[in-house]
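A single chain comes next, written as C-alpha cells; it is the form predicted on its own.
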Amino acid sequence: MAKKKVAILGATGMVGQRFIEALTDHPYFEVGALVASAKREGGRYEDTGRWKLASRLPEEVGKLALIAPDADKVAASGVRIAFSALPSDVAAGLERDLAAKGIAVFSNTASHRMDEDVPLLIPEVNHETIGMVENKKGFIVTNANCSTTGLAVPLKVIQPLGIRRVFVATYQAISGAGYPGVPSLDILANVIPYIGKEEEKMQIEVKKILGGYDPGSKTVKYADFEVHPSCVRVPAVDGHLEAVEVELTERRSEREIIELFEGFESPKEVRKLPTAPQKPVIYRREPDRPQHRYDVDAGEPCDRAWGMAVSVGRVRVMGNFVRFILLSHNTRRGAAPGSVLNAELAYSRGYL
C-alpha cells in the first residue's frame, strides 16, 4: 500500500524538525510538503541552514521547496494530512481552514486543544476520544502541552484509585522554548521560576484528557479534581522532570502504587502502532532515578519509540497523599512523535 503524503507546518522550527525525524522511513506516512514563513517560500529546505538535531536530515526532504502557510497552497500540494508545529497565532486560523478543505490536521499547538469538537489525545490515556473525528473528511486532533503529557500518563495509572487534587512542580528543559529559545545569559547556572501560560495550560488540559468520554454525543466531561502546577525552566537540553503529589480518596500502600506503575499497559489497539512504546510507563526503583542524563530517551523499540515512555520513580506515601517523580521527553513524547502516534491511531481506525 502506498504511503500517505503529509505536510509539516512550521517545518523549520525545533518541533518541525522533530516531525521530519519521526516521519523518516515511517511505514504509513512520507513527507510531501514543507510549510514555513512566507519569506522563505520557494527556497529549498536544506538551504535554510537550520537543521539542529543529531539525526541526519533526509536528502529527499532537504530538497523540497518550502511553501507559505496558506490553506490553498497546502491543499494544492496534494497532501490530505498535515502535522502542525506552527505558532499559535498562525495555527488558529490555518488549521481550521485546512480542516475545512478536507485535510486531517494533527497539531502540536495550543490553538484548538480546548475546542469542544477537537480531541486532546494521548492514545495510551484516552484513545477512545479519537472517535470524535469519525466520519469527518477534514478535522483537527491535538496533543497536549509537553508538561501536561508527562503528567497525564502516570495519572491515568492511578486515576482508578480516586484523585482529589494534584500538586506538581515542573523542571522543564530549554528545548521546550523552541529555537533559539532562552538566552544563554538567562539560563546558564540559573533556574527561571516562571514559564508564560504553562501553568494555566496544565490546570485545564489534564482535566480534559482524563475526563469521561461519551461516544454518543462525542463530548468530554472534564475530570473533577484540581490541578495546582508550578513551572520552572532549568538548564537541561531535553526532558521535563516533574515532582508530583496526588491526594487520593483513601490511603494506599507504596507497594500497590508501584505495582500499578509497573503493570500498566497500553490499550490493545495502541500497542501495535509503530511509534507506541512497548511500556508507556517505566518505573525506576533506584532512589536517584529518573534523571535527564539516563532516562530522557526511554522507550522501546528504540528505532521509533525512543523518548516515548514516561519514566517514574521515588513513590512515597503520606496518609492519602502519593508522591512521585516523573521524566518525559518534551519534544518527542510531548511534541512531534506524540502527534505522529495520534495520526497512527486515526490511520488504524480507517479515519485517514
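Computed from a predicted structure; not experimentally measured. For every residue, the number given is its place in the sequence shown, counted from 1.
Not pictured, yet referred to below: the form predicted together with a small molecule.
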| property | result |
| --- | --- |
| 4.5 Å heavy atom contact with the small molecule in the predicted complex for all of 69, 113 and 331 | yes |
| Stretch in contact in the predicted complex with the small molecule, which is absent here, among 101-109, 202-210, 121-129, 262-270 (heavy atoms within 4.5 Å) | 101-109 |
| Residue 26, heavy atom within 4.5 angstroms of the small molecule in the predicted complex | no |
| Partner contact for residue 176 in the predicted complex: the small molecule, 4.5 angstroms, heavy atom | yes |
| Distance check, residue 36 to the small molecule in the predicted complex, heavy atom within 4.5 Å | yes |
| Contact flag, residue 40 vs the small molecule in the predicted complex, heavy atom cut 4.5 Å | yes |
| Partner-contacting position among 138, 162, 87, 235 - heavy atom within 4.5 Å of the small molecule in the predicted complex | 87 |
| In the predicted complex, the residue from 44, 50, 323, 292 that sits within 4.5 Å of the small molecule by heavy atoms | 50 |
